[in-house]
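One chain follows as structure tokens, the form predicted alone.
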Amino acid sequence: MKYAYFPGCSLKGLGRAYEESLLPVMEKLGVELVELNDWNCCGATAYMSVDETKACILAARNLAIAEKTGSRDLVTPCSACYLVLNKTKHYLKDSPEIRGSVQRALEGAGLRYSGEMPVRHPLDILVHDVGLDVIREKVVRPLTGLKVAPYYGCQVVRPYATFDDAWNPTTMDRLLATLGAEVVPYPLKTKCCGGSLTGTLPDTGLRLTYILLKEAVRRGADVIATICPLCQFNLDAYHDQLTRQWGPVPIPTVYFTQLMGLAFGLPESQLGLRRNFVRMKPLPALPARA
């Protein structure tokens, strides 16, 4: 299986551990992700609030480049990228005015976008294209005894619930269970982590982050698994501030792909786990599955 791949800025920076774990996991499953040539920042969600038309032009350039590759789908792991690219697709379909402005801008760069290429998340690819049975066959080191709270964040399934339920998504739950982990019931799985508020309105943003961490600890989770670079950063990087204000909430937050890599027997050094502020405890020495 081969897909066009848009990493977005985060996976080359603060979210580098996401890409470091995603690529070897996909390779292990026979999935080839071909990074777009000369991609640009999608504008993230903030640019949409400044100038929607220019934001769509910025995002549409990546979609047009992806179409030129001839791939059937465009895969993007970052929740903000996933949302912005999908929102751009909908805007171009629903608004003739925006579509006209975007196409004129693209033509100036020698590009054109038809609007047909699907934008998909790795979770969607893994569960619906690769399949849980195939993933189960690759597990050599089951995550038995590891209690995981699955945290999706608020952008991947809302407003475009293209591959999972908007209010109670389960794709990551099922994937983690396939790896042998114990999935902890986590009713806050789609509650906002605070997003960029941690940098603009820190009291509000940190409070939202604390609520998520505290609930995961209360539920007995050993680790939170997420699919979003900003969510991972918020839940991982502010423990000192949170402890000073509300008390400790000692739980690590990792990418679901890092847990997949561990279950596949990949070494921790290849999965970016050293980058976490709050380190995940080593897994118990369980025997490999025959």
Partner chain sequence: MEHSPRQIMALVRADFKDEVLRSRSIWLCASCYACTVECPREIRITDIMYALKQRAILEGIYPKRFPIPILAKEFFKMVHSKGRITETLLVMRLFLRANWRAVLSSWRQGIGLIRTGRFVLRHERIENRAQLAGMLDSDLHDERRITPKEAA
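Residue numbers count along the first chain shown, from 1. The structure displayed is predicted, hence computed values, not measured ones.
Absent from the display: the form predicted in complex with the partner chain. The rest refers to it.
Engineer: Contact between Ser196 and the partner chain in the predicted complex at 4.5 Å, heavy atoms?
Structural biologist: Yes, Ser196 sits close enough to the partner chain in the predicted complex that at least one of its heavy atoms falls within 4.5 Å.
Engineer: Closest heavy atom of Lys54 to the partner chain in the predicted complex, within 4.5 Å or not?
Structural biologist: Flag for Lys54 set to yes.
Engineer: In the predicted complex, does Gln270 have a heavy atom within 4.5 Å of the partner chain?
Structural biologist: Residue-level check for Gln270: no, no contact with the partner chain.
Engineer: State yes or no: in the predicted complex, is some non-hydrogen atom of Glu97 no more than 4.5 angstroms from a non-hydrogen atom of the partner chain?
Structural biologist: Looking in the predicted complex, residue contacts with the partner chain include Glu97, since a heavy atom lies within 4.5 Å.
Engineer: Just one of 39-47, 256-264, 219-227, 22-30 has heavy atoms within 4.5 Å of the partner chain in the predicted complex; which?
Structural biologist: Of the options, only 39-47 has residues within 4.5 Å of the partner.
Engineer: Check Leu74, Val130 and Leu242: does every one of them have a heavy atom within 4.5 Å of the partner chain in the predicted complex?
Structural biologist: The answer is no; none of Leu74, Val130 and Leu242 reaches the partner chain.
Engineer: Could you list the residues in 81-110 that come within 4.5 Å of the partner chain in the predicted complex, counting only heavy atoms and keeping sequence order?
Structural biologist: If the 4.5 Å heavy-atom criterion is applied to the partner chain in the predicted complex, 81-110 yields Leu83, Lys87, Tyr91, Glu97, Ser101, Arg104, Ala105, Leu106, Ala109.
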